[in-house]
Every structure is written in structure tokens, then in C-alpha cells.
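In C-alpha cells, one chain follows: the form predicted alone.
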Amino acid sequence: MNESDADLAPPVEDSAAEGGESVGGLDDLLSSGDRSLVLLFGSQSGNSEGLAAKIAKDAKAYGLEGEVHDMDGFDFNSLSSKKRVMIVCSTWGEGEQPDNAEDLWQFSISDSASRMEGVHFAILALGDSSYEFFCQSGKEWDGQFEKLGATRAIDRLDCDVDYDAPAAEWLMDALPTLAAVDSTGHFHEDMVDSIKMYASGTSLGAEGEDGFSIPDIAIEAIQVEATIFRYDPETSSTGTDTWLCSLSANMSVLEVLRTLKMTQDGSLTFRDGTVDDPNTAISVNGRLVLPGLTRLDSVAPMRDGQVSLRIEPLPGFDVIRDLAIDPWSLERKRESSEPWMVAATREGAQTPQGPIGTMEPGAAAKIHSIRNFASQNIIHSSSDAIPHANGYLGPAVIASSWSRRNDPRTSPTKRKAIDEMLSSHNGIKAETDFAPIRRQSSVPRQVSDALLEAKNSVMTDEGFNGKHGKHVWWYTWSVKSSGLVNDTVIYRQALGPFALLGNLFSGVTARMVLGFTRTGGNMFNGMLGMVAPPAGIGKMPKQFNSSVDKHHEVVSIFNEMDGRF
């Protein structure tokens, strides 16, 4: 160790107090004893699993050996002998544990669960703030670990749908904190900053005659199984090709496609371009991405030392060949929406360069945020309605039109034309579910929020007529009349006699009565299941879940608003 090393990482002589192992310095701490970090993931859609795999990879920089485990079938009591544990868990439905976490959670709250003194833990919770029980599963794990005597290394992080940035920031503190726990379970708080510097590459002193040398950078190779959709327009044949290869983990998906085309099959067809070219968008393991901006080690978890990729063209478009789609259908829809600006006459501000139009900062930020997306093709493909409604304009066109509708520069005539387009049968009412759009991490949250605003505006202007409006009216009427939140959405429509009769023939009731449940929970949710099935059977929520606070205010609001329906 040279002098600059000693200045940055001084030996710690008293860090072995109160049962901690003798640690002479940073190198001793990071290289001696058990350096394992147990990563347990509870995942419904794969996000938590992928994030846990990425954390395990990042943990190496902090002198930790990440061990990723599925909660399903994991031995909970084995955690009592561990020193570092991190939970990465999503929340499913109305505050429920994911499928693969339910059994482990039930065991952890039973009398058979071991005490966890000496275990340091951190909780990374994923959820959706639009739900009432936001990140409930992570909160439950956090409280249970503390109840069993484990030590919270860092405060829990509750992540919304866009979790990448906050999770990365949180891990910059969580990983060095857990790395400062030695193999006896003693936490060396005074070593945390040194570990952060070590991981960032700044804890080593300058070397060489000039006091500086560029370090050698070695990229670890990983085994990749790439399954790619193939389509030959000459024979109208479809299928898949699979390649097994060893590639650098930091390669982008676009570089992987280029490599396969160059070395394996020159006929492989995809749209190439710059890293941020919106026309290069494809589907990788169900995620709609720009391949040039997507690293290989970020799109899939590592399993048995191998990454599996399923690469397909964007859904909702005609395929020209292999991964190359024809975007002309979207262009025709965009053209039919007449996206050009028709400006209104308005007052401006006098400047030395002449009069110039002005706009409130909040209004400017809103209209620009709605259209601030990387690829309109990705926005269009994110809708589940697109493949089944050929005339539907699509979320990309709707979002752009709504942005234009809210632009204070737009003329009244143009706004009226946009309103008519949005309320048409090919407008926003054709979008049945915003959840698939919100789930795509490449789709900004502002886009799905704008679509919801557009739909609410259209329904309000039309007095909530038609199926959409009646759906809302029955729900609000049930809340008003009962004073209770009806979780099955609409009692008269979902649980009426005709609906119950239809369930008998569709097999819904049979599956529930025979005990088919999504998470293996109780078959019956209470006596209500005996009175008004299927409301209280299986994993259907209780028909009447909770009382409404200040019910008299709800009644007053409904009476005031009833004229709009």
C-alpha cells in the first residue's frame, strides 16, 4: 500500500468491539470470512426477479457475493445463520403477496419461524401508487424481520412503477452499508464511506511516474440464449431461431443483433440505426425497448449462469420480415388525426425582437411532458386494444392530440375538432385498459395519465352515456346507497341473476368452488361467499369491503353530480 492508499483507507483498530471480528482495514473486511448477500425475490411479473439478479451482479463491486433465491420453496429458517439479507418484493392485487412469496410469508409469521438476531436486512419494495395498498408486501416483510429480531441496515424503499432510478440511488447506500457487516454480524459504520470509495474506484491512490494511470477494465462474458422470431414473406412461414453464444454483459441488445447477423445468419432482418433511433424498437422478453439503449444484462435475470432472451417484433404492426415492422399503419392514423397546429389569435409580449407569444410555465411543462416519449411505435404497441381494433387511433396519436388540445395556443375550432375525434368510436373510448400501457417502463407515466384525462373528459362531455358511463354510474350509485365500497365493482351488473347463470356455464363458478385460487389462499373469504357467490369465493374480493368515511358528503356530491349522467 502506498501513502495515498493509507490516507484513503486507514486501518481501523477498534472495529472489533463487542463481538465483532478483528478487522485490520478495508481489504481485510472485504476479503475475509462470509461475504454472502442473500437476495430473496417475490415477483408476479418478473420485475423483482430481474432487479434481484442485477443487484447480485452490482454487489461484487462492494466485496459481496450475491445469492439470488426464489421465495417459493426457500427455507426461511436458514436465514437465521446469515448476516446480510435483502428482500426485493412486489405487491399483487389489493395488498397481497406475489404467488411465489405467499407460502414463505405464511411461514415467517408462524410460530415455527426462527429468531433472526445478528441478521442485517434491507427491503426494496415495488408497487403501484394508484392502488390503495401501495407496496404493502414490502411493508409486511419489513415489519416481520424487525419483529423477529433482525437489524434494519437501511430504511425501506417503496418504489412506484418507474423504479429504475430510485432503486439505483437507494442501492448506492444499501450495498455499502450491508458490505460493512462482517462475518460475525458486527456492523462497522466507520467503514461505509471507504467501501463507497472502493466501489467507485476512487479509493485506490494514483500510480505510475506521472501520478496517474488508467486501470485495466475487464468485462465479464456471459452465456446468452437468444430466441428470435423469424418471418419469411416469400413463403409466409413463421418460426424462431435460437442461438447459444458467449457475449460481453455490457453489450446492448442492438449490438447482439448485429453480432448474430454478422457471424451467424446474414439474412436476419431488423431495423438498424443510432442507439436512440425510435424506429429500431422491438420486444425483448415482453418489454418494449429501444435495443440500442438496452444493455444485455438489464433485460433478463441470470439463471444457472445464463441469460435467456426472447426477441420479437413490436405487437400491433404488420411484420415485413423477422423483426422489421411496417409503421405505415400508425403514420396513416396520425395523418388522419390532422396533427398540425391551428393557432388562435392571442396577446403576446413586446420584446426588442418584436412581439412574441407567452405561456404559463406550468402549461408549457404539461403539454411537453405528454409528448416527451422516445418512440411513438412503442407507445402504440403498448396498448392491448391495438391488435383487436384496427380502426383505433392508438395511444400515441391520442396522447399527442390531447397535448395539442391542452395547448393554449390552439384555436377553439381546432379544439372542437380534436374533441370530436377523441369521442369517436375510434377515439379514446376504444382503449379498454390503461394497465398494459402503465406497465411498460419505456412509456412515461405522463402518457398514461394524459390518456386517463382524455377519457374522463370525453365521458364527462357526453354525460356518461353508453357502456362506459353506465359502468361508472352503477358503481357510484352503489357507494351512495350502501355507504360501503363495493370491490366487485358493480353488484347489479357483475352479480345479477343473469351474470350468475352465465358464470355457471362459463366455468368461472366451477373453478372457484373447486378451490382454484390465484395464490393458494383461502377458498372462502367469509360467509358472504355462501350468500352471493362468486363475490366471496376464491381470490375474488369481498363484495362489501369497507365503510365509506363521511358518507353524507359522498351522498351530497353524488346528488350534485347526478345530472351529468
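Think of the rigid core as the biggest set of C-alphas that the two forms share within 1.5 Å after superposition. All residue numbers refer to positions in the sequence shown, first residue = 1. These numbers were taken from a predicted model, which means no experiment stands behind them.
Form predicted in complex with a small molecule: not shown, discussed below.
In the predicted complex, the small molecule lies within 4.5 Å of some heavy atom of L126. None of the heavy atoms of S31 is located within 4.5 Å of the small molecule in the predicted complex. In the predicted complex, the small molecule lies within 4.5 Å of some heavy atom of W92. When contacts are judged by a 4.5 Å heavy atom cut-off, L422 does not count as touching the small molecule in the predicted complex. The stretch in contact with the small molecule in the predicted complex, judged by heavy atoms within 4.5 Å, is 92 to 100, chosen from 300 to 308, 450 to 458, 352 to 360, 92 to 100. Contact with the small molecule in the predicted complex, judged by any heavy atom within 4.5 Å, is made by just one of I370, L178, V224, C135: C135. With the core held fixed, the Cα of S337 is displaced between this form and the one not shown by less than 2 Å.
After superposition on the rigid core, displacement of the C-alpha of D272 between this form and the one not shown stays below 2 Å. C159: CA moves 2 Å or more between this form and the one not shown after rigid-core fitting.
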